[in-house]
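Next comes just one chain, in structure tokens: the form predicted alone.
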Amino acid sequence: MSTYDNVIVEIADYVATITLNRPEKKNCMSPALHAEMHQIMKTMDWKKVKVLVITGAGQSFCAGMDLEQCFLEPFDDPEKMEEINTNGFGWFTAVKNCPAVTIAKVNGWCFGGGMELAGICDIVLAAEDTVWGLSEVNFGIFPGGGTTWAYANNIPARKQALYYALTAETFTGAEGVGLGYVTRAVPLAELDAECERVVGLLTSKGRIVLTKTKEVYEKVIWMDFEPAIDYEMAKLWELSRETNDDWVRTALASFKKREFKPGTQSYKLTTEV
């Protein structure tokens, strides 16, 4: 991977970690950061990545968009604004559709576009005292660019979701669990260890089955029950073909020998699939 000015990229043992690296700006997303993230998501070798962790440098996860650089300065330059939007929406869409399992490790301030970024990840691990908020109404707009979609799809109770968008009142990472935005909240001192624990659970599984699990969830959530059965079975046989029936040849064969307990353990992969 290349060296970047606004992000840090580390790849090891099927895990890619991207750290937003503008701590002096609470990791607000600038046009340059958008361009770098767009490039990273396009060029990453996803066949070598099972888990993508996104976090922030310093005491923030991401405090949203850099309002001056993303909106005020390019406002009268349509071509520049289009470039910023293409890069920004491009890498957000790539994260949403990422074949790897995506984890937002929220270590500090999480506002506006930062909430969108966390909201499109599969799993959100947050420090209990992190501060979250939708501040857009404070400067005269509503949460846009996918942020409304993110909070509406992560806070299932309408009156709770609209409350935070309309008032701009903040909530903590601990409160975010009850709202549905955060998967798990722990003390900040335990956040790295908790993320490592969850990453370990995920990397012990096959890459293809993780991807298929995500794909099936995203489709069937919109389906009626009977079409969902047909789709799930079709995807199961697709998975079987792509992994040489590993779940039968290896997993169930190991289960028959009582070599592992599928309810609480993962079988040992014979090949990395």
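Quick note: we count residues from 1 along the sequence shown, nothing fancier. Being a predicted model, the structure only gives us computed values, none of them experimental.
Here the subject shifts to the form predicted in complex with a small molecule, a form of this protein not shown in this document.
- Contact annotation: of the candidates Val209, Leu67, Met223, Leu236, the single residue with a non-hydrogen atom within 4.5 angstroms of the small molecule in the predicted complex is Leu67.
- Between 112 to 120, 154 to 162, 173 to 181, 95 to 103, the stretch whose residues reach within 4.5 angstroms of the small molecule in the predicted complex through a non-hydrogen atom is 112 to 120.
- The closest heavy atom approach of Ala63 to the small molecule in the predicted complex falls within 4.5 Å.
- Though the partner is left out of this view, Phe75 does not reach within 4.5 Å of the small molecule in the predicted complex, counting heavy atoms only.
- In the predicted complex, Met37 stays away from the small molecule, with no heavy atom inside 4.5 Å.
- Within 4.5 Å of any heavy atom of the small molecule in the predicted complex lies no heavy atom of Leu33.
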